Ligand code: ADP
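Here we start with a single chain on its own, the form predicted alone, put down as structure tokens.
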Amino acid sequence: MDAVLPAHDLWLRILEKVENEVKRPHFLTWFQNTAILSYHDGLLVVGVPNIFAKDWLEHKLGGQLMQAIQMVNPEVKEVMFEVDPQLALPEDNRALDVNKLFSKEKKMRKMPGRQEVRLLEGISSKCLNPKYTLQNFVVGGSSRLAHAACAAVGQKPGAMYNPLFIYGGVGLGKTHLLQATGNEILANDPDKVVVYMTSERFTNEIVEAIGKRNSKEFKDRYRKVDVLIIDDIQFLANKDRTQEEFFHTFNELYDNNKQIIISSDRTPKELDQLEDRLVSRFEMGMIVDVQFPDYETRLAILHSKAREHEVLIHPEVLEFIAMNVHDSVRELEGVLIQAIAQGQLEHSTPTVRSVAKIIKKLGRTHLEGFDEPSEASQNRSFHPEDVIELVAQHFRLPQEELMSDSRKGHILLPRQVAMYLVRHELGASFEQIGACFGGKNHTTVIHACEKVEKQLRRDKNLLRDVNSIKKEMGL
């Protein structure tokens, strides 16, 4: 490795170049938890957390990454990717968290769409993720009041709903609302000093201040901010010194009309391991809960996330996910991301069956709207009629229209795809295929197969459709 530039810093410099050339969702998805593992004789080995990232970086972003590498270090002649699952673990400090990549030590430098956070000297803060906004939070009956309270605070921090206490289970959107409110405050007044941190981070800073015997400096810093946002306040339980410092910080900010926003996994009354005086402070303001969204809201969230990732997914697939994911919004999005990643790697479109496999890995034993195919049907040989049925289902057409003489585009192409699959996957003759499709001439079948074969080389959407149908055939 370069004696001047350590592996971590070299990778940081490389990703700074890559980020300008790659779509934001792709950058955040595929470079997350990556690291340089080794460099020797011109070969740079990059570690990735899973096989999906390896395949995507090799086949989709390899060229752009190599250009960025050589801009930083021209001596690199080859890059290789190696799967190292340890990189995904929080305790592994080799990997970079790209969500915070360009904010650490730079105080959120100006970048398109990124929210800048102004900090006082010496204050530490996690970044406000620009993807969290009040506008892209999908509001349902279970979150309407919480969203309205956050919007009010975003407009007039410190004036009403102070403190704002948001509670709810894991993965229901509390962090989204907290960070979105911070972003809204800064959008309305960029000069505000906004600090967002977890209770664990707050505790660590107090411990460090005690160790360095500069508690007064710590107190002075955090009592001068305009907005203090603390995530997961329940983790202050049994930390007496931290609770004491937070109590005095709270009072100082509250008395000066500074906004305080807090999240927890339970109501203030249920935080029985926090001091009563803290709990009473939490109850002075607005208390709102976030519950798991109903089916309609879950479906709206999935449509929103699909648009955000710039992918088209059949409505029935989104409906199937919304119907079968019941635990958290985070899990809802996780299933969707896995389905998108799998489709991109396999050049196929997500289907109910492929998504069902993903959800079953989460421990679901019974899925609504999905009948597990019997062993006999899984092992059966496919016939032309089976292929026609699958193609008709995929393109949402009646089988009769595939068999008709219609030349309409939305019917003609699926018919040609069906002919192509019967020919290439079942090995039927052109004459046999023509007979299956209502007595079509064999030259019509030849033309259909050749057209689909050529189109597959340049039309990625058609390639995904064909691959999806082949997966349904067990191929």
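In this text, residue numbers run from 1 along the sequence as written. Everything quoted here is computed from the prediction, not taken from an experiment.
Missing here is the form predicted together with the named molecule; even so, the following discussion is about that form.
Asks: Is residue 301 one of the residues lying within 4.5 Å of the named molecule in the predicted complex, judged by heavy atom distances?
Replies: So residue 301 counts as contacting the named molecule.
Asks: Please determine whether residue 350 contacts the named molecule in the predicted complex, using a 4.5 Å cut-off between heavy atoms.
Replies: No, residue 350 stays farther than 4.5 Å from the named molecule in the predicted complex.
Asks: Could you tell me if residue 132 has a non-hydrogen atom within 4.5 Å of the named molecule in the predicted complex?
Replies: Flag for residue 132 set to yes.
Asks: Is there a heavy atom of residue 137 no more than 4.5 Å from a heavy atom of the named molecule in the predicted complex?
Replies: Yes - in the predicted complex, heavy atoms of residue 137 and the named molecule come within 4.5 Å of each other.
Asks: Please state whether every one of the three residues 384, 389 and 440 places a non-hydrogen atom within 4.5 angstroms of the named molecule in the predicted complex.
Replies: The answer is no; none of 384, 389 and 440 reaches the named molecule.
Asks: Only one of 389-397, 187-195, 249-257, 327-335 gets a heavy atom within 4.5 Å of the named molecule in the predicted complex; which is it?
Replies: Heavy-atom contact with the partner occurs in 327-335.
Asks: If the cut-off is 4.5 angstroms on heavy atoms, which of these, 71, 210, 237, 170, is the one near the named molecule in the predicted complex?
Replies: Looking at the other structure, the residue within range turns out to be 170.
Asks: Quick one: from 404, 175, 162, 354, grab the residue that has a heavy atom within 4.5 Å of the named molecule in the predicted complex.
Replies: By the 4.5 Å criterion, the partner-contacting residue is 175.
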